[in-house]
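A lone chain, given as structure tokens: the form predicted alone.
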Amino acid sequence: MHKYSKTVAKKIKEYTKVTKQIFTLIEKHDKVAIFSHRSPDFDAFGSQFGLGEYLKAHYPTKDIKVLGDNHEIYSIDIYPLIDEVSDEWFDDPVLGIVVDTAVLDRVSDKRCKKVSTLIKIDHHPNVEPYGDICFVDVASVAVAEMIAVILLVDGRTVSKDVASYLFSGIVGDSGRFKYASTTALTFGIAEILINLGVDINYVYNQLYVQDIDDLRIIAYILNNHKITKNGFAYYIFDDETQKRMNVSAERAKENVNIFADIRGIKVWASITEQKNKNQWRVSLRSAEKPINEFALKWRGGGHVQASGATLLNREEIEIFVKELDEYIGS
């Protein structure tokens, strides 16, 4: 019998019933598909591949797939490529598990709607309950943290690779253990994963080491960012700038946290044009002020200190900036 901290032991007890329900459904299905949201982040991938590798190890006769979008930067370098299956693969009964996705419409692979049974595992506010099992824990810093507890309840061997995937998701969604949503449970789970063989230096290098080419992007941001009177710092990467600098929209937004830990900056964001979608994507971060409800008003949402939003044209940028600055000052 493993000995865990009181915080971890309490959470394990809390998760016992739903974990049994989840694994009962897994046992009943020969095919399992694990989905997540569009524009996947560390928690999405960490949760998907952590759970996927665990199930593949303990159910070698089942057909288990991790489905969705690859990422321009994270895929291959950090995480494996997403599996590919034909539409016909879903003709048989499939158990779908959607992680880290509050709203079903945000799932990157729309074939999730073709599964015979669906499980939702998420830590965002439950604005859209869905699935035959809808398991939401808003107190968790990351879905990867939730998956880790679920696997502890299940009680079978957790490999170093699985632990590393889950650790990466926790690191990503906790802002390297800095966000206010980080709890004693977060550190307790991190300790367990590290004891399972996670190489902290390797994970951090994989997640955060940048290329020399990134210096050009950083230089552009430092020379072109703006800060409002109430402490909102932001930079804009329009399509013309992306082409001139040979930088993708995905790469352009990755340096949003360049403004973190700067005295006087309370909220910060990257605003990148996605020409192919006729929209502007906003990655929004905050030191203290809750921003998820504000982001919700701009076709987005997310966490208290880390959210996203969508703007439809350049004119909306000015309105967005003005309203956010007023919100910070209120």
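Numbers for residues come from their place in the sequence shown, where the first is 1. Every value quoted in this text rests on a predicted model; they were computed, and no experiment measured them.
The same protein also has a form predicted in complex with adenosine monophosphate, omitted here; what follows describes it.
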> Just to confirm, Pro290 within 4.5 Å of adenosine monophosphate in the predicted complex by heavy atoms?
Replying inline: no
> Ser286 near adenosine monophosphate in the predicted complex, any heavy atom under 4.5 Å?
Replying inline: no
> Quick one: is His71 in contact with adenosine monophosphate in the predicted complex, heavy atoms, 4.5 Å cut-off?
Replying inline: no
> Can Ala306 be called a contact residue for adenosine monophosphate in the predicted complex at 4.5 Å between heavy atoms?
Replying inline: yes
>> Quick check on this chain: which one of Arg106, Arg251, Arg176, Lys114 has a heavy atom within 4.5 Å of adenosine monophosphate in the predicted complex?
In response: Arg106
> Among 58 to 66, 293 to 301, 260 to 268, 23 to 31, which stretch has residues with heavy atoms no more than 4.5 Å from adenosine monophosphate in the predicted complex?
Replying inline: 293 to 301
> From first to last in sequence, which residues of 119 to 133 have any non-hydrogen atom within 4.5 angstroms of adenosine monophosphate in the predicted complex?
Replying inline: His124
